[in-house]
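Just one chain is shown here, as structure tokens, and it is the form predicted alone.
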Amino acid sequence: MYVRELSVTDFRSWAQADLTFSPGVSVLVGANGQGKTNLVEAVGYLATLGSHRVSSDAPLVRRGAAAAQVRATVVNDGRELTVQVEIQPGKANRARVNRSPVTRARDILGIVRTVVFAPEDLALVRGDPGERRGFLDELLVARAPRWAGVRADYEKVLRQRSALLKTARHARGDTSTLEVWDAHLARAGAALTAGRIQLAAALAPHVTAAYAAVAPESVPVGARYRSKVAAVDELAGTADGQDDVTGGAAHAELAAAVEVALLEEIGRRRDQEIERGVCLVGPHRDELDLSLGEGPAKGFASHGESWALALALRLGGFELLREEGSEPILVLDDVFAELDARRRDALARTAARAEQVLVTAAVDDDVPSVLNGTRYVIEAGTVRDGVAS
């Protein structure tokens, strides 16, 4: 897969920008603040309908504009599609495929697939569990777009049940409505949890291998899905990595077992939930447990080890998608300056095998020579492209 053309209007700092890419390596070079990251961020937005830099859409719209537009023409196995999103903060985004509107913006997911490695990824190791849950969910959607709906269904149920819990103490003991939402939460939560468990089991060996490649002097690392519900955690611990990305029989069997466990735990913790007014059971409280040797990575990994592990998570996801026949676009956003020579070389070797790599850097010298390709100079709101290196 590769992006052949990219166009942005009123996106971040750009009133308008139009770029033409080819397969292979494209390097966007420019001083900080010139807008190079904004351009690769636009490609990533088409893949996930989110930014790797901010949690909301409002900062993506250029100051003074009502909306932003991102459009790209993507080539995948010889098939060419043009996808466009209009970003409207406070409103539902609108999307088109080959100029035809789609019902929901998320219907475009899967047309563009990316794996983005950026300085913000240090939070995958040092940040709170929500960072790692988000990483898993993003990778689920990259594998099969249907997971966006699974995640949206769970978040909707979670919001509704959380609102009911806040008022349950005033319901004079009548919890019949809450019980209905217990079942909804368990069912939707089980579907998402089963997908994450299977994904984590399939991803783990790729993460371990990637870390060994970028940090061969370090102790081994591991990745495992961890649930706060003991029975679910046991299921996660026995997952064998033979997952069903499409949500077929293997997923259904695991989800059924998880649903039973979640319902039982909800029953046990009902009084606590009502007292505190929050949902204490469900995949929103789970974790991707990262280990370094015999102990946890968080809080014990050095700065260099944390960078290597964050890189291994992204490279592991990249290799998993490639293994499954879904070649993603690899985006390396201003990361080479953060890495030592060994990690630079390991990342560059993996990147060189991708069908398309989009790299941003402040100066040419930050980019390893193995990633020679086409340079795009970003300066003063302009793009000078087509400079071969």
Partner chain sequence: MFEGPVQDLIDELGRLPGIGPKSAQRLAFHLLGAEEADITRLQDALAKVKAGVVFCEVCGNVSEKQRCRICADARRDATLVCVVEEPKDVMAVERTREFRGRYHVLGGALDPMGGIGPDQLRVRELLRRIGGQQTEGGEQEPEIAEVILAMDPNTEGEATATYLVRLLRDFPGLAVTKLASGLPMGGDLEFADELTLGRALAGRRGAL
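Everything quoted here is computed from the prediction, not taken from an experiment. Positions refer to the first chain, counted from 1.
Just so you know, the form predicted in complex with the partner chain exists too; it's not on screen, but the next bit is about it.
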{"query": "Answer range among 148-156, 302-310, 67-75, 84-92 for contact with the partner chain, defined in the predicted complex as heavy atoms within 4.5 Å", "finding": "148-156"}
{"query": "Heavy atom of S176 within 4.5 Å of the partner chain in the predicted complex", "finding": "yes"}
{"query": "Partner proximity in the predicted complex: A163 to the partner chain, non-hydrogen atom cutoff 4.5 Å", "finding": "yes"}
{"query": "Contact label in the predicted complex: W181 to the partner chain, heavy atom within 4.5 Å", "finding": "yes"}
{"query": "Residue contact check: R226 to the partner chain in the predicted complex, 4.5 Å heavy atom", "finding": "no"}
{"query": "Partner-contacting position among R269, R96, H284, R104 - heavy atom within 4.5 Å of the partner chain in the predicted complex", "finding": "R104"}
